[in-house]
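Here's a solo chain for you in structure tokens, the form predicted alone.
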Amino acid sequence: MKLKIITLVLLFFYFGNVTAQVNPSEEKMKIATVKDLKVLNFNELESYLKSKDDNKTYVVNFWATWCAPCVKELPYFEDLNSNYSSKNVEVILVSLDFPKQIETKLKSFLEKRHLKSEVIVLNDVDSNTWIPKVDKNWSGAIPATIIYNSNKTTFYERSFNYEELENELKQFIK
């Protein structure tokens, strides 16, 4: 009995020390990352996007699996990412799916569609604060897209077909 108590005490102190040594930011990233999906609040998303390469043009699309027009236009963003990645263009898909549906719905959706663009889940319930930061005129409706580079930013609260999306992008990469 004494041996079991000593073993439990040693295990408690061992795991207590291991937990105390974890860097809080590393622990936060472990919690926030779910099998290659970044789950970020708006401030983290904003910081992440600001840390990107200034020499690229970014196409950031806000979408969700429950939004039919969003799902319809996803292949156009995928094609754009594929066709323009060699021209310093990067597509980032910001999912507004509910975090509780990541495992049950979003992951299977992404696997089924074989999306190659980077997907980030925006988990921030304070939409009244972050929506105007994306664009002061955004109603919050999706699909919504921002195309930007170091010289120009344009916000679109609409859906696209490939030709329309490509035409808008070409204005950034002249």
Partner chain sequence: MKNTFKIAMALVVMLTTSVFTASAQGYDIGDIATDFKLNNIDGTEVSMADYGDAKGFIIVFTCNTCPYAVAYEDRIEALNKKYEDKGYPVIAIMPNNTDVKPGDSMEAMKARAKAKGFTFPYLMDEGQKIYPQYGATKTPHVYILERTTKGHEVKYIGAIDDNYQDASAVTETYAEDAVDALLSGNEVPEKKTRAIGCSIKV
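Residue numbers count along the first chain shown, from 1. Just so we're clear, the structure is a prediction, and the values are computed from it rather than from any experiment.
Beyond the structure shown, there is the form predicted together with the partner chain, which is absent from this document and is the topic of what follows.
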Exactly one listed stretch (53-61, 39-47, 145-153, 126-134) reaches within 4.5 angstroms of the partner chain in the predicted bound form by non-hydrogen atoms, and it is 126-134
Is residue 157 part of the interface with the partner chain in the predicted bound form - any heavy atom within 4.5 Å? yes
Is there any non-hydrogen atom of residue 76 lying within 4.5 Å of the partner chain in the predicted bound form? no
Could you confirm whether residue 139 comes within 4.5 Å of the partner chain in the predicted bound form, counting heavy atoms only? yes
Does the partner chain get within 4.5 angstroms of any non-hydrogen atom of residue 98 in the predicted bound form? yes
Give, in sequence order, every residue of 65-96 that has a heavy atom within 4.5 Å of the partner chain in the predicted bound form, or say none if there are no such residues. 66, 68, 69, 96
